[in-house]
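We begin with a single chain expressed as structure tokens, specifically the form predicted on its own.
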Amino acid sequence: MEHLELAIPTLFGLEGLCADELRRLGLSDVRAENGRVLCAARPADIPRVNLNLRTGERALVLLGSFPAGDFDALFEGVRALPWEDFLPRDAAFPVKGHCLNSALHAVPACQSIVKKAVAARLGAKYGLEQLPETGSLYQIQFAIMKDTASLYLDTTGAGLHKRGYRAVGVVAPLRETLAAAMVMLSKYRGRDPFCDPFCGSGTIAIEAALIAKNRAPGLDRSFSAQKWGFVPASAWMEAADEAMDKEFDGEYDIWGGDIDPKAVAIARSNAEKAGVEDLVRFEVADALSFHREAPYGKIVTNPPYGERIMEKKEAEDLYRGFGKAFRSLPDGWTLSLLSSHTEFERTFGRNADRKRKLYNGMLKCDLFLYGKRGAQHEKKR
């Protein structure tokens, strides 16, 4: 049991960032693939990964992969895995999963086969005809892709983007993992002024505060594996202590503005829940009149796209006006802006210096990165 393999699903485009996070946590054999990152781990790493990851969606223990061209192969492959090493006799083990480009494509039928195979293995090992399933939750996941089945245990529970601070959202909220990635891609380290002029429920500014403070995003929530026997209870305490020891104290200039007073009230409430209300200022403000006298700073923002929140024409007017506001700033300011609008650069009035493809849920977006002359002020710690 000392050697496990973890699989961390990510939003498309965030695999490299997540891999870097895992390496910084000291995990070995880190491999980024399409939509996920794999690494070697010990049981004591499960708390560390869940508490600290900013850009991963969940932490799964990969139990095994095998060819599964038909139901018999699926049943036998699942039954051959050492489930008793992980699941106690009273474990509750619901099954969910997906199939892609495979002969087996009926998900409910595959769920049923996986469940029966796990029950057959555990029943034989524990000498039980009927498993009680009255104990802790061990969520089983399967993925069948190109006739190969992979079986996982979900250590996380509610996705890692659910940090616990966003009880109330606004329309079309930005996922916390994506907001954290945008802040990281802006190269923000907590030194420069940081602004989000379209702050909505405050997610980007709150993630920036957590990053500036180096606070582990999972400290205020619970995880499925906290009740698992093979992950020592002491490992959760040690991981939390380790994370808190790495926090910084400091003064930060982090600001969020939105034209909607309700959104600003929600953002303030979310910042309180995240424990960063003393680090972030939220104000009712119009992004089209955004201005700062400071010689340098970073803007990271997610304005409305014109798909779900407002009409395309309104979005274009917004981009045009915000483009003018950005061009009026001192030369040391940079901008990282997420949009799915195909005409963004034209309406903003300038082509991006760089673009990075990201996904907001299933919506394909670009992160448009703009620098201004001399915008090299960010000091590293």
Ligand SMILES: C[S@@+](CC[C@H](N)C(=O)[O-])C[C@H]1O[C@@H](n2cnc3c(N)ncnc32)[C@H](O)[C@@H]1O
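Fair warning: this is a prediction, and the values are worked out from it, not measured in the lab. Residue positions are given as counts along the sequence shown, with the first one as 1.
Below, we turn to the form predicted together with the ligand, even though it does not appear here.
Between 251 to 259, 117 to 125, 102 to 110, 210 to 218, the stretch whose residues reach within 4.5 angstroms of the ligand in the predicted bound form through a non-hydrogen atom is 251 to 259. The ligand is not shown here, but in the predicted bound form it comes within 4.5 Å of a heavy atom of residue 204. Residue contact with the ligand in the predicted bound form: residue 138 places no heavy atom within 4.5 Å of it. Residue contact check for residue 142: none of its heavy atoms lie within 4.5 Å of the ligand in the predicted bound form.
Although the partner is absent here, residue 173 lies within 4.5 Å of the ligand in the predicted bound form, judged by heavy atoms. Think of it this way: in the predicted bound form, the ligand has a heavy atom of just one of 190, 304, 297, 77 within 4.5 Å, and the residue is 304.
The partner is absent here, but in the predicted bound form a heavy atom of 286, alone among 84, 286, 277, 133, sits within 4.5 Å of the ligand.
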